[in-house]
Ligand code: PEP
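In structure tokens, the next block holds one chain alone, the form predicted on its own.
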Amino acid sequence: MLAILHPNTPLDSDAYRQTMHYLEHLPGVTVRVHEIQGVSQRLTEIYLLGDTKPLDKEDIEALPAVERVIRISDDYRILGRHRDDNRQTGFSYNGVDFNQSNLNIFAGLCAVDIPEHVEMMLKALEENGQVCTRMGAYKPRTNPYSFQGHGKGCLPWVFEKAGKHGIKVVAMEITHESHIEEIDTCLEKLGRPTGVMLQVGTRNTQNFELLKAIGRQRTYPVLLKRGFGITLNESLNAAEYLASEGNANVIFCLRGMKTEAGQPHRNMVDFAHVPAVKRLTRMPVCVDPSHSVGTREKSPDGILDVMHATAQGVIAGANMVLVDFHPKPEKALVDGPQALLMNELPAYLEDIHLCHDTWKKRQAIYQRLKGEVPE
């Protein structure tokens, strides 16, 4: 059972204390509190775990700080919608809003290589009005002899350059609990010129100890990639591991499924699951067309496959795009053959915004069909 308090309820108020006193003394029930910071308000959700079937919903709704109560299912207890479309989706971090209605684009280097390339990438993003990027410092690779990333050695100059060019959020994959401390220590020493979104790669989707460690920290939001060889339900439960440890600021990323049926693409593009994830959970949904397609092949219409895949995800309602760009792909240390070029960035951004506007128009059509007024 879930008790949602009135927005911005002060935690030192009499209403909050009376509510918590009642809930904490319910027999056979454990209370867990989650705070969700949105753009304009803070929401407190109280999860009642244990034998909640005998509890009277109306009794709990009558408590002074409670706005409403939801009976939740076993799946995705914290991140699930539970057939309640009024639950807040998403979160705000470092001045950037992430929810199930808006769109953020994280274009950047799959793997950080040299300062010159990072500078060129970030400068191009700034010139095109972007405030987010991807920069890989820690790179898990299938081949143990492949480049594994520069690690903490590159963090200072990556973060300084990000701050210089107005980048507010850097998506950065981590592969070990110690990387959280390395990132946090570096940002603190530099005066936090930018923010970081911790990325969990597809190989670590079911690394439950890593998920728990990431979930225990509340500073950084998390981008969780779908596991490449497991079901959607299994991947969504991996996201629930993060939330169950305390961090519900999670974005779910679709990055293609590993199967021979996806050829000639690297993976089977799974972006049809964008609306399914948004229906089942409150998480914003990201698409990663670069690792889904894995090439720069072009169709007869002159549009790259990776751009077509991006459009499929965004027009279906994706809220974030994670995509590889590189100033000199021939010199990239990871995934150069699939990286988009600097001169393609303006057109790519224009295409994405066109698709997002189309999604809004599609949404309006079906809202009219139901006799609803678009927000």
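All of these numbers come straight from a predicted model, not from anything done at the bench. We number the residues from 1 along the sequence you see.
The following text describes the form predicted in complex with the named molecule, which does not appear among the structures shown.
In short, of 268-276, 296-304, 198-206, 160-168 it is 198-206 that has heavy atoms within 4.5 Å of the named molecule in the model of the complex. Highlighted residues Lys139, Lys225 and Leu322: every one comes within 4.5 Å of the named molecule in the model of the complex, counting any heavy atom. A heavy atom within 4.5 Å of the named molecule in the model of the complex is found for exactly one of Ile105, Leu242, Leu155, Cys110: Cys110. The closest heavy atom approach of Arg255 to the named molecule in the model of the complex falls within 4.5 Å.
Interface membership of His291, defined by any non-hydrogen atom within 4.5 Å of the named molecule in the model of the complex, is confirmed.
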